[in-house]
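We've got the same protein chain twice here, in two forms, each standing alone as structure tokens: structure 1 and structure 2.
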Structure 1
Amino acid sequence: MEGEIGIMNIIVCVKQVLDPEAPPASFKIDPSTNKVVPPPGMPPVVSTFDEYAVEAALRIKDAQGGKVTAISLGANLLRDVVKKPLSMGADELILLDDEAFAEGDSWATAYALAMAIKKIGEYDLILCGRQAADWDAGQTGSGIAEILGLPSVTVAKKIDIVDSKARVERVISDGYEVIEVSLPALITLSNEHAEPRYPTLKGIMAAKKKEPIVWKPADIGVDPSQIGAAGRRTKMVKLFQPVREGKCEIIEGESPEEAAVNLALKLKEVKIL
């Protein structure tokens, strides 16, 4: 449903992920379940790309007013983590928090989020990160748009709202292209967008006082067989950490000049020179 442009109802999808800044050596994989074992002592965070989407929503709100609703999906979501959009300045937080939502693929996640957005009803713009910082699939945003029948633009670095339309600067390999799209629409944000703002002390205190709205599968009218692990349309065959092996050969010589010649001969032998 399209709201009144000028009041701008914006929905931002955010995901709780394992901290991508954790040392690689701290990540372990359980081969029996094909799951990542969370690093000890490293709490999860909001996906970095989703923070850019929150920032984009808040900039639009700052410019022309409106309401920003953040929505997150998962199981046993940590309130201190998923409340970050509230502490940044979002107005409302909705959590799809239930074991039935866990372990879904891009389709199952997009479907559940789309059904929740349908329940919200009034929106002019849906914003997502270009991809999640854990799986990097970059499919959920486009999936939501397809299910809701909305136009979508991906990897945006700037959004301007003018006359019921979004003017989007979209990142491409050698620059950017400008696209104009009618609202309501879905846009995914790239990390070329302006840096996400830091939560202020006032924002953090306000977020602590706000209780999120929690929805279960029945609240958004979906059958548990359509979401989470049960609703997956893809199958994880194997999840593993790549093994990298390196070989080092010391090139020697009686003098630096001779060592240089030997090195050049070796590089020519392996067809690097």
Structure 2
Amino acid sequence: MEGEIGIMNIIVCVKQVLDPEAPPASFKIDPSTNKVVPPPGMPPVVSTFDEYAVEAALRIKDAQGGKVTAISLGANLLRDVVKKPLSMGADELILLDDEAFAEGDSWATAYALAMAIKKIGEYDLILCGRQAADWDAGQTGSGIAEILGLPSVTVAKKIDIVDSKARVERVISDGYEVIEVSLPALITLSNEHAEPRYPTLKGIMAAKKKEPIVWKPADIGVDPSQIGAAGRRTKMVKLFQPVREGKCEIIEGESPEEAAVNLALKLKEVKIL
């Protein structure tokens, strides 16, 4: 790629997930299906890290102009949920919405998304969350990059576009590293990035009016055997809730201060201190 990139075409992958903020006590698995039972009264949400990816895309658009296309994959996606990137300021929403896309693993999902991105055709940057809040695998972004033959940088907290390259701050255990990557590239975002913006009222109204583009497997040229449950390379043998053992001994006292003293004495007694 030569010279300055003016208007950037940015694609953001966004996943609809069960609300990860639901209280742990409401979490249930149906052992007959090996599936999670959605907690009643808690609608799904856009996966947290994906919102950071949308924010990163919008910041680049704000700085130098560009087009932000969000893309979501699933079955029976709730429009009110998956339109969130639009209400935050994205320009376009593409839904890969079909039963055939459901229950895929990282391979099947990355493959379908990569094929959809190929169909979109023009892109300088593809952004994803570092991992989804349901399966926590963190493979889809790297998988898309591999299928499309693009360089990737994972777990980013900042992206700047400088001289037709992305300058990325990548979070590592004792700080961060600054990585320069040629474009087009795929970058995954972490929560160390600046907080996602709240949708404005104007944004919400615009999103309501905007119709997403819906693509079926045939539209992106994939065979149903390669996607969703049929396209899996991993088999889930079992899904279960780990048993939490142990019982908490509550240390009492006439006052909080006294309880604190009793706790210190207790820790000394059982030789933790």
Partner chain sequence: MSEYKGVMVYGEVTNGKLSAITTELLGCGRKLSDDLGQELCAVLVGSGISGLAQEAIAFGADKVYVIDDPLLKDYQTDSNVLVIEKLVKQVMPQILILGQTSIGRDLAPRLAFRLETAASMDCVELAIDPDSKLLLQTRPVYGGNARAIFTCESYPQIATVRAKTMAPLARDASRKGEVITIEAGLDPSVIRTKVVEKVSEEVAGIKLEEAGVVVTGGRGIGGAEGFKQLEELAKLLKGAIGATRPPCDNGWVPDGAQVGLTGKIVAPDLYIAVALSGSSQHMSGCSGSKNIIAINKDPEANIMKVARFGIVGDWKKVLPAFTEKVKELLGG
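All figures in this text were calculated on a predicted structure; none of them were measured in a lab. Rigid core here is just the name for the largest C-alpha set that superposes within 1.5 Å across the two forms. One-based numbering along structure 1's sequence throughout.
Structure 2, rather than structure 1, originates from the form predicted together with the partner chain.
P20 shows a C-alpha shift below 2 Å between structure 1 and structure 2 [criterion: core-superposed Cα displacement of 2 Å]. Taking the rigid core as reference, the CA displacement of V261 between structure 1 and structure 2 comes to 14.4 Å.
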